[in-house]
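In the block that follows, a single chain appears as structure tokens, in the form predicted alone.
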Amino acid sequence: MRQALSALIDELRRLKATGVKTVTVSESALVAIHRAVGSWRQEGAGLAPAAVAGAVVPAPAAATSPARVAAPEPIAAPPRPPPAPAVMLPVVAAASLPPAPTVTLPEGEKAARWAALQQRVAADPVCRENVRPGKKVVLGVGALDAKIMFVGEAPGAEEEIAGEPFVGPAGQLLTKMISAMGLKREQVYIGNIMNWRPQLPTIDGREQVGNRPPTEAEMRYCLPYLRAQIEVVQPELLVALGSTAAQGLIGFGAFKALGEVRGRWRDFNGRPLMITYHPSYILRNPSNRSKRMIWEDLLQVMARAELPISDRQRGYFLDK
């Protein structure tokens, strides 16, 4: 129980560090959290009410002389309700993974090689073990002769249902960004570092709420499948969307803040790599300044890919 609540607190701290100020929580989730905290306290975990994020504990009343204050009439304490049943949240041990797979694709046409890769990923026992019942392992999607390949972090709730990357709100925004570049989603290739949605503790019978960044062990396991996709597609340019994707491509611990490397060309196995913010950054910070930062990175991609750039495109999201 302590591990489950610690995981929840760590995720809230991570969101706060990225600039998230509010989190939408359903009433049922709040009830579950209160029950879990109550169970933890009853089991002697020593959690004081003040340890719950956002809790306000009234200050004790100032000491007063007994001679000046009349003794209050005794008040009968209300009957104490029976303790709520404990809600056990299973903790996912994501770090205990086998070595990364060696991926060797058959020779032949791109479509046949990609189909073989898809079958390999779908049958991977580690991928299957980390996907919850009813959900799907996710591989990239798009044109196999794409000049530009976008690389994200991991599937989310919508993606693990559809079995396709970037179909949720961030994916819909990415599609608009691609359209602003003068391209269609079907003309590029879109993939992720991860082939499954990193799990968070859930209550039995309930869906996972929220996402967490993948661990380094999870990313290292899935990276051979991303490299295999790059081998099949052979894109001219790569675009890393967000810090996790950037670290997976240029090296773990290569930077502390994305601003250190964002908007600069790097190299990945001989291919130019542009690093920019994840579309979810705009969802959290929908200002023209945020949009312009990402758009300037995409203008560099367009120029490198020799795509036409109109004056109107050059002026997108400039403050007037």
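Start at 1 and count along the sequence shown; that's the residue number. This is a predicted model, so every value here is computed, not measured.
Here the subject shifts to the form predicted together with uracil (URA), a form of this protein not shown in this document.
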Partner-facing stretch of 160-168, 101-109, 224-232, 115-123, counted where any non-hydrogen atom is within 4.5 angstroms of uracil (URA) in the predicted complex: 160-168
Though only this chain appears here, would His278 touch uracil (URA) in the predicted complex if you measure heavy atom gaps against 4.5 Å? yes
Determine whether any heavy atom of Gly248 comes within 4.5 Å of a heavy atom of uracil (URA) in the predicted complex, and answer yes or no. no
Decide whether Asn195 counts as a contact residue for uracil (URA) in the predicted complex under a heavy atom distance cut-off of 4.5 Å. no
Distance check, Ile148 to uracil (URA) in the predicted complex, heavy atom within 4.5 Å: no
